[in-house]
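Heads up, the chain below is alone and in the form predicted alone; it's given as structure tokens.
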């Protein structure tokens, strides 16, 4: 007798997916652009890399962990910036930060000239690169300024999927985006779990408690509390479709950064004398929905 295993519909569906999380930064940028339109700016062969890392005994990367590509999305001119979380934790140094800021600036200038240009930022970043702290902080300020200027012309979409997450200065960049797309595996927070535990102790935040960490800053929680606009599975095709759908949707009625009074109201309702669970936060947000 020959035994032929039968696979469930869910298993077949999972096996047919192409993981976005497993793609490197260059392939993520290529994935988000229309087929055949990917053109990298300041690629690895241009050797624009950090001059500061070798001084500290750290091997640099030729693209400094940031891929900038021009192309088209749904037939419209677009720029996609993708961070490489595997290089220095996707940290922002002088070179990769300036690549990002300049890409946004060029997109803004195109829009000012009447050339509609879309922008997507695929983030995997722990924040500022400690080895280049001062320069990293300065360039992040330029990134913010260009993002705010650019989003007047086009939706600016941030994609966060994992495994590095999005923390520190780049979490603020996500907050400045018009729309944020996340997977359940993604995390978004100002400070990373390890940093909070180091500074405030395990009683405040236990970084090794993975279910707790994801219940507080994981993709599902950020979507439920309004910090992400789309929650999608780790499927490269689905993420690409979500980005296209948001561009078709156009500008929202109100940007997230214009809702500061609502967020202040929600924060003021929290009792900081106790440790809040993810469910507590969701309930508090529902009670203060307006």
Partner chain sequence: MEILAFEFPAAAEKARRAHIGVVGSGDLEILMDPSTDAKTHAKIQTSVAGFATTWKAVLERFLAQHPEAANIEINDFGATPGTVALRLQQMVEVSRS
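Predicted model only: the values in this text are computed from it and were never measured. Residue numbers count along the first chain shown, from 1.
Absent from the display: the form predicted in complex with its partner chain. The rest refers to it.
Trainee: Which one of these stretches, 238 to 246, 47 to 55, 28 to 36, 220 to 228, sits within 4.5 Å of its partner chain in the model of the complex when only heavy atoms are counted?
Mentor: Checking each option against the 4.5 Å cut-off leaves 47 to 55.
Trainee: Please tell me which of 144, 212, 87, 153 lies within 4.5 Å of its partner chain in the model of the complex, judged by heavy atoms.
Mentor: Contact check passes for 87.
Trainee: Under a 4.5 Å heavy atom criterion, is residue 62 part of the interface with its partner chain in the model of the complex?
Mentor: Contact with its partner chain, yes.
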